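One chain comes next, on its own, written as structure tokens: the form predicted on its own.
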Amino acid sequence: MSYTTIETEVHGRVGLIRLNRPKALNALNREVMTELTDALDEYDSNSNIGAIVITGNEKAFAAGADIKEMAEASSVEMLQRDHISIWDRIRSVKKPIVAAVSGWCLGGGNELAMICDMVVASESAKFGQPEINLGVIPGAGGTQRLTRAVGKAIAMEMVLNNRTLSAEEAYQFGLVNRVVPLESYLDEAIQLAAEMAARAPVAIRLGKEAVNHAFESFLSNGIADERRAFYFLFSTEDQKEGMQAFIEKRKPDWKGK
């Protein structure tokens, strides 16, 4: 299958997916997410693939969602589009997914890394949830998975005050598995995936399900609440101002309504 916003490669029993919108810092628009989930489904159904790696480039894993795609939408339009539901397809992938992260990993990019099963970060990686700068909050699991990964205190600071974590901080707080030099982060991720791909496939699948069950018990309720709040914020003037200011590269003028 051919794609326009991602690239795919096979390394032995590892399927690699590379986000490929470098001019937009791999911003996650509808086309990217559709192609990404299609590629994941293809690898997941291929018996010759045992594990999957998702990566971007050295400058950015993914710097967030595509703001221009949603800036003018109303809350009803966001609810009707329900673009975030496509993320549920990633969660349903049975094979282990490793995120190989370098550079910016922000907003939807951080949510994408967190929905993967493991994260290998380069020393240059930066993790954050800057949606508050746009007058909204994370909407694809950011408030829920982040809190479970790093704890309430750090999650509050990241969600409410745009704290960005360095790669080493992300490792210390439990957001990533390991931090490696820039020149080897992708090779390290592929090697990690290859090791899992060489193990018993059924045991790998059930082990992933069991760990996710422990991690995500009651998560579905939180995800639903987060998604409703995210869509609701598109009825506020601050959301329109925040996203327009982002597009115009200026400081937003918040009105509190």
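Numbers follow the displayed sequence, beginning with 1. These numbers come from a predicted model, not from an experiment.
We do not show the form predicted in complex with 4-(N,N-dimethylamino)cinnamoyl-COA, though everything after this point is about it.
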Item to complete: Find out whether any non-hydrogen atom of residue 233 is located within 4.5 angstroms of 4-(N,N-dimethylamino)cinnamoyl-COA in the predicted complex, and reply yes or no.
Response: no
Item to complete: Please check if residue 83 has a heavy atom lying within 4.5 Å of any heavy atom of 4-(N,N-dimethylamino)cinnamoyl-COA in the predicted complex.
Response: yes
Discussion item. Considering non-hydrogen atoms and a 4.5 Å limit, does 4-(N,N-dimethylamino)cinnamoyl-COA approach residue 87 in the predicted complex?
Written reply: yes
Worksheet item: With a 4.5 Å heavy atom cut-off, would you call residue 50 a contact of 4-(N,N-dimethylamino)cinnamoyl-COA in the predicted complex?
Response: no
Worksheet item: Just one stretch in 144-152, 168-176, 101-109, 116-124 has heavy atoms within 4.5 Å of 4-(N,N-dimethylamino)cinnamoyl-COA in the predicted complex, so which one is it?
Response: 101-109
Worksheet item: Only one of 158, 134, 186, 97 has a non-hydrogen atom within 4.5 angstroms of 4-(N,N-dimethylamino)cinnamoyl-COA in the predicted complex; which is it?
Response: 134
Item to complete: Check each of 226, 44, 66, 216 and return the one that places a heavy atom within 4.5 angstroms of 4-(N,N-dimethylamino)cinnamoyl-COA in the predicted complex.
Response: 66
Practice prompt. For the heavy atom contacts within 4.5 Å of 4-(N,N-dimethylamino)cinnamoyl-COA in the predicted complex, list the residues of 121-151 involved, in sequence order.
Written response: 130, 131, 134, 139, 140
